[in-house]
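Take a look at this single chain in structure tokens; it is the form predicted alone.
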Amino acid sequence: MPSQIVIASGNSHKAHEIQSLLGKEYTYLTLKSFPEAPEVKEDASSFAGNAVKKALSLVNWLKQNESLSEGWILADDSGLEVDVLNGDPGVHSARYASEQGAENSTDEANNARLLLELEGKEAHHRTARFRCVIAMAQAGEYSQPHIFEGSCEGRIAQSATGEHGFGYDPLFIPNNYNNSFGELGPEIKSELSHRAAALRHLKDWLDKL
């Protein structure tokens, strides 16, 4: 049973969500504990490709710097896929509104662009899903990570609602609900979300080690 997990992210929202779902039996670190770790360019064509790239990059850097020899490195990539947009914003979800497509844009800007792209579309043309892929790599070993996936089906609202969550949460209405993740709050989101689904698969795997 691993006791230490390094979350390959500096996003405090994401780190909190991961910790709350995996439980208190692990010690968690984030990239904030390793400020000199190199930034990874997320230029893969898939969520899995980006997650693996981030995990192995951190494994390699930690090994070279003798910063961590035990435990696991957890990296994920996730985003929103809108069917009528052929799966966009997809791997570009965090930088959807960026003019060059290279740097992350604000949640507000990303949401505004998505609403503009879907302007005039009826509900049946606004189907979408959140998708998450987690790569779990063993510290000190540069080998293929274990992959865990999760998704959450829903649709894009006509406007942003709610104060909870982050990213596209105020726009995303999960199936069988009439309110966005921004309105439903963290307890319901933790049951339904794409990251929650992937983390449940990961936790089942960890519990068997």
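Residue positions are given as counts along the sequence shown, with the first one as 1. What you see is a predicted model, and the numbers here were worked out from it, not measured in a lab.
Note that the form predicted in complex with inosinic acid (IMP) isn't included here; everything after this is about it.
*in the model of the complex, the one of 145, 167, 154, 150 near inosinic acid (IMP) [non-hydrogen atom within 4.5 angstroms]*: By the 4.5 Å heavy-atom cutoff, the listed residue in contact is 167.
*Examine residue 14 and determine whether its closest non-hydrogen atom to inosinic acid (IMP) in the model of the complex is within 4.5 angstroms.*
The answer is yes: residue 14 has a heavy atom within 4.5 Å of inosinic acid (IMP).
*Is there a heavy atom of residue 71 no more than 4.5 Å from a heavy atom of inosinic acid (IMP) in the model of the complex?*
It does not: once inosinic acid (IMP) is placed as it appears in the model of the complex, residue 71 has no heavy atom within 4.5 Å of it.
*Hey, in the model of the complex, is residue 42 touching inosinic acid (IMP), heavy atoms inside 4.5 Å?*
Residue 42: yes, in contact with inosinic acid (IMP) in the model of the complex.
*asked:* I'd like to check something about residue 118: if you look in the model of the complex, is any of its heavy atoms closer than or equal to 4.5 Å to a heavy atom of inosinic acid (IMP)?
replied: So residue 118 does not count as contacting inosinic acid (IMP).
_Where, within 72 to 88, is there a heavy atom within 4.5 Å of inosinic acid (IMP) in the model of the complex? Residue list please._
Contacting residues: 76, 77, 78, 79.
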